[in-house]
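Take a look at this single chain, the form predicted on its own, given in structure tokens.
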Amino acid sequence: MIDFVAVEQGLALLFSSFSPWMVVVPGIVIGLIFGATPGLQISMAMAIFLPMTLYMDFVQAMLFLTAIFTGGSFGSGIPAILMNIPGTSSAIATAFDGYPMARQGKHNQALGVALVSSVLGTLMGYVILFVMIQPLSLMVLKLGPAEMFAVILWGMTLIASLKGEQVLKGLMAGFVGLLIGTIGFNELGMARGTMGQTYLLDGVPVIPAMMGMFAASELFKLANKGFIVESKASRKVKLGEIFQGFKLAVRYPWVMIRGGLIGVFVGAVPGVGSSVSNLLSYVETQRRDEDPDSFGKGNPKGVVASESANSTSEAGSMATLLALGIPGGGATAVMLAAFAMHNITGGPQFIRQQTDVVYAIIFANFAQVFLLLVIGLLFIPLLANIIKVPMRYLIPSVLVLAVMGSFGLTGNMTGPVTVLVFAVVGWIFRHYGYSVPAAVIGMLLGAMAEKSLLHSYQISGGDLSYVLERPVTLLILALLLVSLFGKRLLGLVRGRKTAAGA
């Protein structure tokens, strides 16, 4: 239930002074810059600027960190659209259709679609959080590794649809990605696939590998081109076309609502979050569409599905942090550190005793959404000029950024070496018609799936009947089966009715 007295107190906290709002615009700009720079992570930005929050009160600190989070969620989609380089793993699916749109000279529309989907997705997520924060927290408490595995398995079904030119090649690429994802120590302390190399004991760094396979291999492919967009007329940055993208996005409200719901509930699952939600939203949108083959070729619905899901995931992870004190990912782990720095402990007691602060954070994010729209509009024309940069300058610049960013992630040469090795692997995959996205998804979700499956096995003692005692797991698996085979079964039923009527 909504505590309206606490709502009034929360609004008073926000509007009794202008000081909490002074950090919001800088936070959104920082998030946009870090999200839009290949190799830099939102959690990295938050960690770098975390010490500054010592000089703020708790509400102001949370506004600053959530502003970085909000800005970064949209910022990561910008390089995905313009250069086929997802700024973070939460923007992988954005690149599937955003980049083909950019190559067709529709970069302005694609960025407009991404901005509106991100803004409305974040707004939807925080509205759901405002209404359902307590039910969401109770739901998360009922989720165990079995439920996590079922959600990840659902996301992995996307591999089959990212078949590239041939189904078998797509599945093979996904399988290779899954194997790479299992390299290093597992949860039992067993080392696999390291080939005696100590730097592989922690596994293959996923973000540097993703940058290599997506970005560097794509740049190699474009080395003989003059520009990302061939037509000089199409390289112009037009504010009118960005607004056309706004209109295009709102033409698909059900895609956005579905993505938003998936984002909130998957985002609330600790350790899964936006990395899976954007993929899950994309695959569900593709499966339900009348023309699924148009996805991956510049269908704006793909951008709407991905951006709405990864933006609402922020609200889902915030629900877990505020209600249970459990970080859903790297960004909320930094926020948990901010909690500790201000001597505050997240969880049920925090919600009961400081409900006004919780509502203040939620309402502040409503305002951040509209600020993101304005700042994003100012930011897009600046970044969209990337398509005007000749490839002879763009390729070395992006490679240097990717290598430096990967070094920042790993702290040693493992990151840069991974980028370069997987750039070659990605180029080979593209050259022979294997699906690079399928391999990256396999890498990203393989380790997650193994960890959840192993924990489920340890809890159940290997007894399969354990699954039958988990109604949420059964519900997720049922939804998975419906999403995979529901359309076919419905077609069969209708065919039989038609035949019987004839």
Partner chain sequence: MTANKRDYGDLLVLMALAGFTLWYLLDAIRVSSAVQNLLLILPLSLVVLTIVALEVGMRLKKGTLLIREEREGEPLHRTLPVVGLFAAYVLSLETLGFDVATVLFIAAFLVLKGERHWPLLGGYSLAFGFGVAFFFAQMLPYPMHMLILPG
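Numbering follows the first chain given and starts at 1. None of the values given here were measured: they were computed from a predicted structure. Only the largest set of C-alpha atoms that superpose within 1.5 Å between the two forms is called the rigid core.
Heads up, the form predicted in complex with the partner chain isn't pictured, but that's what we're talking about next.
Interface residue remark: G240 is not counted as part of the site for the partner chain in the predicted bound form, having no heavy atom within 4.5 Å. Interface residue remark: L111 is not counted as part of the site for the partner chain in the predicted bound form, having no heavy atom within 4.5 Å. The partner chain in the predicted bound form comes within 4.5 Å of a heavy atom belonging to S397. Taking the partner from elsewhere, L454 is found to have a heavy atom lying within 4.5 Å of the partner chain in the predicted bound form. Contact with the partner chain in the predicted bound form, judged by any heavy atom within 4.5 Å, is made by just one of Y199, F220, F246, F363: F220. Here is the short version: of A315, I81, M256, V419, the single residue with a heavy atom within 4.5 Å of the partner chain in the predicted bound form is V419. Just one listed stretch, out of 471-479, 432-440, 26-34, 61-69, contacts the partner chain in the predicted bound form at the 4.5 Å heavy atom level, and that stretch is 432-440.
Although the partner chain is not shown here, in the predicted bound form the stretch 437-453 places heavy atoms of G446, A449, E450, L453 within 4.5 Å of it, in sequence order. Once the rigid core is overlaid between the shown form and the other one, F64 does not reach a Cα shift of 2 Å, moving by less than that. In this overlay on the rigid core, L178 has a C-alpha that sits 2 Å or more away from its partner position between the shown form and the other one. Comparing the forms between the shown form and the other one on their rigid core, the Cα displacement of G442 reaches 2 Å or more. Three angstroms is the minimum change: in the predicted bound form, the CA atoms of F96 and H431 sit farther apart than in this structure, by 3 Å or more. An increase of at least 3 Å in the separation of the C-alpha atoms of L111 and P396 is found in the predicted bound form, compared with the displayed form.
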